[in-house]
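Presented as structure tokens, the chain that follows is alone, the form predicted alone.
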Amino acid sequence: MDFTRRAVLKAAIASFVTSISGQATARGGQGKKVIVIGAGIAGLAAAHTLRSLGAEVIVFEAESYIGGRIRTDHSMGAPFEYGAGWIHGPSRANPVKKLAMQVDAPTFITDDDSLELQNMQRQPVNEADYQWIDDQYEALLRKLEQQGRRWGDRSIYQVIQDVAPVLLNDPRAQWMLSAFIEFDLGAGIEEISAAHAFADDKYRGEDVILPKGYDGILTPLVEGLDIRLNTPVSRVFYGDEGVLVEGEHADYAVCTASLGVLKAGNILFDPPLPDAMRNAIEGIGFGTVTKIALKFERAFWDVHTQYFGIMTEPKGRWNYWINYRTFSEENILLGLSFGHYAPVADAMSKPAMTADALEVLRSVWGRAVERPSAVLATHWSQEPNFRGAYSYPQAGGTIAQYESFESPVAGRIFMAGEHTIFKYHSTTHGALMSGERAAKKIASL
């Protein structure tokens, strides 16, 4: 921070510093004022924890709603999750599962084995094909997980070229790589680090959805918070005297802005963030997955099958569909696009995306596919306050880049969000844990 800006910050918060000078050694949050940037689950967890410890907390949120990448639309009669859709590893140790239990939210296990896969000739694959896909996937995972250090800076695509090139030309394998790996990591196999793709930790248990809506779990975190919606943050000043954010001064700030926003430089930090943190912002990947929900007057599919897979070209184009009839009474199919096709789909208009998705469905069910009565879709990479869906370990990146976010900046700025916790990156529970981590560090000062 140059002398002039330092003087501005000093003048802006001089009276504030005087008022708290006798409280600097207070235990926990007592006597501390904290600004939280972002009302996603990381920001809400940080704010909730700090408030429970006695701190004064203000939350600035750029959007008109709370939740960030937890966003549920109930207009179709069953919840459409724009962002987070599953609780991954819903054991009792999972903090998001704990939230769901706290509000008595029902859960539903989406059975991965309930799958009907169509080949390029639009015929159901046979049992031998299913077994081949499973065997190839397990063999690839073993190589990626057991020989991680060997892969260095290479991407999963580059490693497959070396160890299993047949996978790059087989439609069955292309579907598997997209629907399993690119879905999980949120990017193309050409960009994902082979060394770090599966080096994170996971909670036990089969993944579940929340049939009543994911947004319900936020209720315990929101109560009593001062949340200022439609308040984007463009500048964060910080120094020995505290922080200044959008005209509001405080002791500390917790920044939970998405990695995409940080990459775009939408928030100016003054002084600039440390080199290690800026390198991490550049070196960690941030991808997208696109969803489209199509509601029909009648079901033309087997209502008892959980998933429909369709081998498509290009790779990742609406190749995985979720059947809502397994957990609701609504005739809804949820289509997903992955890898390099996801940002292509994100950039489509709603009519163009609908036509694109219907073309894939009609390649299997033909004239039985009527015009949908309702359509909802995501465009995460196009959203200015997010610029993507979730982080992934990028080829050439390191775990240390994630870890660089764990240390506060000048003892004033604390970073949180799913991109700041490698062990549980790209998950809601990881984001929640990072928010709690930042709050507890502030409380310990």
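A quick note: this is a predicted structure, and the numbers were derived from the prediction, not measured. One-based numbering along the sequence shown.
The same protein has a further form, the form predicted together with a small molecule, not shown here; the description that follows concerns it.
Annotated contacts: Ala84, Gly417 and Thr428 all touch the small molecule in the predicted complex [non-hydrogen atom within 4.5 angstroms].
With the partner removed from view, the residue among Ala357, Ala253, Val289, Leu185 that has a non-hydrogen atom within 4.5 Å of the small molecule in the predicted complex turns out to be Val289. None of Leu273, Ile284, Leu361, Val233 but one reaches within 4.5 angstroms of the small molecule in the predicted complex through a heavy atom, and that residue is Val233. Residues of just one listed stretch (154-162, 324-332, 305-313, 261-269) have heavy atoms within 4.5 Å of the small molecule in the predicted complex: 261-269. Mapping the unseen interface onto this chain, Gly67 counts among the residues with a heavy atom inside 4.5 Å of the small molecule in the predicted complex. Shown alone here, Asn385 lies within 4.5 Å of the small molecule in the predicted complex, counting heavy atoms only. A residue is said to contact a partner when one of its heavy atoms sits within 4.5 Å of a partner heavy atom; Val409 fails this definition for the small molecule in the predicted complex, lying far away. Contact annotation for Ala46: none of its heavy atoms lies within 4.5 Å of the small molecule in the predicted complex.
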